[in-house]
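Encoded as structure tokens, the following chain is the form predicted alone, with no partner shown.
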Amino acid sequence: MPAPMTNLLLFLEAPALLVQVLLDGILIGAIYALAAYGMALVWGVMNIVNVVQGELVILGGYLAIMFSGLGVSAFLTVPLAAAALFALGWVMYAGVVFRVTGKDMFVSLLATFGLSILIAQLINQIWGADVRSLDAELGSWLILDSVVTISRARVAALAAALVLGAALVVFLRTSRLGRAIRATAQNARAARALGVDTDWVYAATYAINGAICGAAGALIAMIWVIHPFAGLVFTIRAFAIVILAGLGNLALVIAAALGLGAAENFVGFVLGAQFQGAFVFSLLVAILVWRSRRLARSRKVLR
């Protein structure tokens, strides 16, 4: 019997195994949601597809491990990594990103791709190519007669994703900077005419994205292993989530991320871990084709 069929039969023989696989996937999806938050924000406000997203996430993980080595408790490394990446995001905007804001999207893709290579190589030079992780020392819960294991660190990551999403929504709706970001996203030219310093808004937006990536990276280091060249994994998944959920709807981003994590984990168990990446790329292509057809229909209606 083929291995996929054997694995599917395992779910029938042990339903708790299916619960374990899907639960792990959902909890992993929370990390994808964090990475997707920032990408959606930068894309929606600055019209830039931030290809360096994954590398910023991985850098946040390495900074968290470094802070932990200095004696900082695991969960305190999350705000520290976020603060460090906030500052780095502002520097990256001032040094490179502001030059491609408002230009053709292909130019921004090349610029951020170059930054992704630079950051990955710097991480490799500073910390080496060995895989690393951060022990949160939280342990796990056992449910369903101790058959299903729930990592407390992953539950904390899910809670952080939900809290951060809610905080981002409140910030964008109530704060002065949040209103300026929303106005710039809707119409940058009109916002400038009304006195909004859009360059400062762009810098703040990119820095906020850096902070989100830093927090995500610190949480990833607690539940996975990281290495300098793992950033593409999170960039591709964040891109797929944003394409599926659209810009400006964080609730849909969370739902899409949790769904992607569950589906990817299920496919990895049934077909093998080597097919997880292929599944994500195939899903991305399918989403892009679906989106392009919807746009084509909309144009026909307008005509």
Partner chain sequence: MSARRWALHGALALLTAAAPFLLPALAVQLAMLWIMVTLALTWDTLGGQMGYNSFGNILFFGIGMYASAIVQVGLFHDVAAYTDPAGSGSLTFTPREYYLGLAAGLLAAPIAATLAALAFGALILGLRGPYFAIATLGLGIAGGEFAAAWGYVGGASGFLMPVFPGEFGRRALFFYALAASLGIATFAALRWLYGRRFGLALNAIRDDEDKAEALGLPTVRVKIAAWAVSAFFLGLAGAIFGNLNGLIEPREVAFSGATFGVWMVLMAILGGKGTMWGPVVGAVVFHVTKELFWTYLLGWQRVALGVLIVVIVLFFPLGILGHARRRWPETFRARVEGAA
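Numbering follows the first chain given and starts at 1. All of these numbers come straight from a predicted model, not from anything done at the bench. Here, rigid core means the biggest group of C-alpha atoms that superpose within 1.5 Å across both forms.
Omitted here: the form predicted in complex with the partner chain. The next part is about that form.
- Every residue in the set G95, L109 and Q121 has a non-hydrogen atom no more than 4.5 Å from the partner chain in the predicted bound form.
- At a distance threshold of 4.5 angstroms between non-hydrogen atoms, L284 is in contact with the partner chain in the predicted bound form.
- Proximity of Q276 to the partner chain in the predicted bound form: non-hydrogen atoms within 4.5 Å are present.
- Although the partner is absent here, V51 sits close enough that one of its heavy atoms falls within 4.5 Å of the partner chain in the predicted bound form.
- The shortest heavy atom separation between S73 and the partner chain in the predicted bound form exceeds 4.5 Å.
- Taking L88, L172, V155, L115 one by one, only a single residue has any non-hydrogen atom within 4.5 Å of the partner chain in the predicted bound form, and it is L115.
- The single contact residue among I243, L258, L250, M66, judged by any heavy atom lying within 4.5 Å of the partner chain in the predicted bound form, is I243.
- Counting a residue when any of its non-hydrogen atoms is within 4.5 Å of the partner chain in the predicted bound form, there are no hits in 188 to 224.
- For G268, the Cα coordinates differ by 2 angstroms or more between this form and the one not shown after the core has been superposed.
- With the core held fixed, A255 shows a CA shift below 2 Å between this form and the one not shown.
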